[in-house]
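Here we start with a single chain on its own, the form predicted on its own, put down as structure tokens.
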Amino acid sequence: MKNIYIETYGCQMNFADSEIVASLLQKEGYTVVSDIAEADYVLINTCAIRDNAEQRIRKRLRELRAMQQRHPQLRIGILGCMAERLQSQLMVEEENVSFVVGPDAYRRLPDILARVREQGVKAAETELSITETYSDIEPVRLGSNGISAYISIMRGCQNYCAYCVVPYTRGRERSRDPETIVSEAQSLFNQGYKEVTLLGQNVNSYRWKTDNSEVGFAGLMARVAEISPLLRVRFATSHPKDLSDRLLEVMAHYDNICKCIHLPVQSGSDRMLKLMNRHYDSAWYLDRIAAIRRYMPDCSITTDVIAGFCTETEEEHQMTLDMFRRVRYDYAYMFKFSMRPNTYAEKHLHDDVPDEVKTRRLEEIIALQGQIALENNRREVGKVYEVLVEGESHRSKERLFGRNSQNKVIVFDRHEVLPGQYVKVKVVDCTAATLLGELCTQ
């Protein structure tokens, strides 16, 4: 009774955590299965960043009830941010949930699964840690393409943005020993991986100090990039308040550090940014954009934005649209504001923007960003890029897809090319989301 099936929702950090969970359980004799019908335990790694994310999990639990009726020995557990936010309350509200385990309690999972099975009890382990980084755990690469992998370099967050639950579900910020990070990246390269993405809630504030030395994020990036020029290095996510010129210098210096920065703006209004507790204003943000362009004119910039935050006016919404026009993002994650429990916003602010207004404002942002993305991609036509091939196109087995340094997807005819190879591709056409190319055979 040791087959486990893991479903993961939410951000890249959650997917990295699921790989840690798989590693911890495999060492205790559990087997990760790819078919849920073979599972003795279903572990759902959850996201709590928006209400919609939690409702998806609730719906999934209802779907799993039917499976439990056919297989009464099946045990279901909730991991991650939703487990941390709701804790034992979740087992009362969802009768088919046997255990909930927060992001810092995964080492206790083998004992929890044994207690649930042998004693027939329910269990909740959600205590947050100020030291846990799982730095000694080598993740099991779930569903890996053998080409790209995530490396978690830090955990937690202490920025306390007014709308965000992450500090409450993942605890305080703490960085991982750089030696273990470099070692993990080296191991992945030795196994044939061609790309690693360094993960953290705010990678710019990565800091490791000893009595004799201190390593910041720029220094860490350089060390990982120096493993091999054939290993691409990416990162997510940056906070504008901590984006340093030193990091930009390092990115510009190493060809294998990808020229793409995700820089969440959230709003174009200074009043909104202050209310959100973002620790920067629009002038600072635009200064960071100018610095990126100065060091790396070809760098792709992507962002996050919230439509309809508490008390947002129509004029402030227009400021956000103006920010999009000025920066001209290549991609954006765009959402309407969702009040989250226990955040500063819930306790101190009034969610007074009607839902229909939020929806209309979000639609306007989406429409503008779609137009900008298409215009940006049209300027790529005629250029030649080095592409790391990732696999077959979803639409045709006769075509392959990969990404360039700017993280843009390029689709092209496969010829004799294999996933994992670097190839030169000339862009010949585009959509707002994808570049269409021809393989350069010379």
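For every residue, the number given is its place in the sequence shown, counted from 1. The shown structure was predicted, so the numbers you read here are calculated from the model rather than taken from an experiment.
There is another form of this protein, the form predicted in complex with a small molecule, and it is not shown here; the text below is about that form.
Novice: Give me the residue from V327, I76, C164, C310 that has a heavy atom within 4.5 Å of the small molecule in the model of the complex.
Specialist: Exactly one residue meets the criterion: C164.
Novice: Of Q201, T197, S175, T126, which one comes within 4.5 Å of the small molecule in the model of the complex, counting heavy atoms only?
Specialist: Checking each option against the small molecule in the model of the complex, the one that comes within 4.5 Å is Q201.
Novice: Any of the heavy atoms of R50 lying within 4.5 Å of the small molecule in the model of the complex?
Specialist: Yes, R50 lies within 4.5 Å of the small molecule in the model of the complex.
Novice: Test of understanding: in the model of the complex, would D304 fall inside 4.5 Å of the small molecule by heavy atoms?
Specialist: Judged by the heavy-atom cut-off of 4.5 Å, D304 is in contact with the small molecule in the model of the complex.
Novice: According to a 4.5 angstroms non-hydrogen atom cut-off, is R288 in contact with the small molecule in the model of the complex?
Specialist: The answer is no: R288 has no heavy atom within 4.5 Å of the small molecule.
Novice: At the 4.5 Å heavy atom threshold, is K259 in contact with the small molecule in the model of the complex?
Specialist: Flag for K259 set to no.
Novice: Determine which one of 251-259, 319-327, 337-345, 145-153 lies within 4.5 Å of the small molecule in the model of the complex, judging by heavy atom distances; exactly one does.
Specialist: Among the listed stretches, the partner-contacting one is 337-345.
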